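Coming up is one lone chain in structure tokens, specifically the form predicted on its own.
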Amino acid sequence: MSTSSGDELHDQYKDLFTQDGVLLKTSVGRPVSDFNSIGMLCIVQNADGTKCIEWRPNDLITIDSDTQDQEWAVVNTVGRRQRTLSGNITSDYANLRARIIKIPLDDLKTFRITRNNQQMQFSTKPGVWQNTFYFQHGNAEIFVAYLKNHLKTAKTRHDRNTYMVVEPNDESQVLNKSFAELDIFTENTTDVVWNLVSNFKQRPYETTLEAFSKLTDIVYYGNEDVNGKRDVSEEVADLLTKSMSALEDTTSVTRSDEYEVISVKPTLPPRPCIPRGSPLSTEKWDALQDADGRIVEVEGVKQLIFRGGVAHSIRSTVWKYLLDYFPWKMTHAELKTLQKRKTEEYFSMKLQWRSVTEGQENRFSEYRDRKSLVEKDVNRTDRTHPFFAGDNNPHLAVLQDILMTYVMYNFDLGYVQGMSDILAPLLLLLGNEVDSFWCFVGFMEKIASNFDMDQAGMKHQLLQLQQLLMFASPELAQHLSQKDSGNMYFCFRWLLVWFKREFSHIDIMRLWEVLWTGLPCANFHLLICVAILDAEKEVIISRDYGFTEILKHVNDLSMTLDVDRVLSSAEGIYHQIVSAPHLTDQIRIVLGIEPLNLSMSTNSDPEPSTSTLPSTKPSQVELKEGNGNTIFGQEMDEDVVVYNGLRITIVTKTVWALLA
């Protein structure tokens, strides 16, 4: 292990990846006072080209006020938790760098992931775990996926959660070094070599293979001079350029002074157009309950809701289940008992803050600040809607009471700007103060990371959105990056309040209930963002929109979006992505799919999760109409159907009977 205490500070370095909210648990040779400190774990490239893992405590990190405040000022938070922010290294960095932990990748021997993938340990010599870190927000999967871009690793036989760093053999070292010297590739040469070698059999373009073969000759045998037997530079150049016109749309070109290398651009399969279904009706809802009121087929209900939403006549009931207020398996009698208990609990918490005297409030600054922020936000929430319009509106008073009671329910989080936007549609639909509160609690459980004091949850989602957009629409992602919009900050509002200000009240209800099902994958709300942006791709690129124009254009989309079209497009993009032969582990992790080369399970023999992995059972029934649409037979017993060549997980024939 190497720490910064004995190293000179590099004048230049580049952060390749950073992750906020990482706790230092233990570190050999460090004082106990450093333990349990929050910081940022990074993968860094030094000025000399070497790379290392670096942990920086938060008190050495500051924010550039001119940029950070503008980027994140959308959220104003009041709470008891200490802010943890990422940014530029302060001028005191040189004096305090001894607290920074550095682990050179060249020295790293093994690393291990434990405790539900949230704890990560590193070792630079056998038998000793020098550093242990705990990931407070999410887990270590994304960090490990990025780390493996810079290391060749293999799992140990005795522990599937421990990875050894594999030393490259002499041949691969020569190959990597030669590509670096030729300066052919702009990306990491190790990644290029491994990817090219592993994908040889899958590449259909013989010209590319032949060109790479010629380059290999140069790497191993050198480019012989005039007195030698041959000079292949012109031959290689001809090989690399002769198919340029034919492959222009499906290839990318990387140039050096003498050579051009053409690599095939991976393309996505055709995007299916999957029509939306009809809403879950009263008749279908009743048919999925037993005589006592239990929901007998929960996944079936969720499938129906995902396909078409919920009929407004039963929406107030169904939402209580979707938001975990009502357990699916409770009878009607048990639900009445639950409601009575929850009502008593709510008013008990409400009485706590209502009984605070004026004198107590004057001496309780945190409570006073939260109350002031709630009052300010409530008075400007959905005031144009008739339900909240006008002076002395009683519904505003209920809205405020619920938010203040939530402050008592969740002291750590308290109130954060934007929560009133989340609550307003719930109160509008349910009308009842108690029911609205508990549904709000359930909703906040799903999106609590949106309101983290350090905004790490939002930053993480924006990073995942950037990754998805790069995979699904690389041309648009590249344009955004060139226009200083690659950080996706213009989508902040979309994610913070789950598109509440982009759709009408009736449409946001439909969108929310679809997202609450958790189908068809994790983070489907990010694919909603991708679908909206992809629909605007032609306008943004053809008009060469810059940062300001992109921000204005995105804001102008508010209240102009078709929710059914967006949902259909997002689902099509999902199936398009998961059917891609070049689907990466990074994207698999974002979508909640088991990665192929990264087992993060704590079990020795992990089993795939049926809720996130597509079924591999073949469909028994597949009939085609003349227009190419699929007709599903009445005797279907499988839980997978085929739609335009794509395998789509459904539930059972009971649900299909209701869909018919």
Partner chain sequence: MATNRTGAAQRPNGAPQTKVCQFKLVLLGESAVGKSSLVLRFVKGQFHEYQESTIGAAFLTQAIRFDDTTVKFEIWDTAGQERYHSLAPMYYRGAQSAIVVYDITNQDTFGRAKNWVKELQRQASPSIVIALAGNKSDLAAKRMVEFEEAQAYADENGLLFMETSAKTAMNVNDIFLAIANKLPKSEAGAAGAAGGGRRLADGEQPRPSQCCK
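Here the structure is a predicted model, which means the values were calculated and not measured. Numbering follows the first chain given and starts at 1.
The following text describes the form predicted together with the partner chain, which does not appear among the structures shown.
Contact annotation for F451: at least one heavy atom lies within 4.5 Å of the partner chain in the predicted complex.
Residue contact with the partner chain in the predicted complex: Y415 places a heavy atom within 4.5 Å of it.
Although the partner is absent here, Q303 is not a contact residue: none of its heavy atoms lies within 4.5 angstroms of the partner chain in the predicted complex. None of the heavy atoms of K148 is located within 4.5 Å of the partner chain in the predicted complex.
Residue R380 is the only one of R341, R363, R380, R543 with a heavy atom lying within 4.5 Å of the partner chain in the predicted complex. For the candidate set K329, K155, H385, R501, a heavy atom within 4.5 Å of the partner chain in the predicted complex is found for exactly one residue, namely R501. Note that among 586-594, 102-110, 488-496, 342-350, the stretch whose heavy atoms approach the partner chain to within 4.5 Å in the predicted complex is 488-496.
Highlighted residues E299, T337 and L515: none comes within 4.5 Å of the partner chain in the predicted complex, counting any heavy atom.
Scanning 533-557 for heavy atoms within 4.5 Å of the partner chain in the predicted complex gives F547, T548, L551, K552, N555 in sequence order.
Relative to what is shown, N450 and R115 are closer in the predicted complex; their C-alpha atoms differ in spacing by at least 3 Å. A change of 3 Å or more separates the two forms for R115 and S449: their C-alpha atoms lie closer together in the predicted complex.
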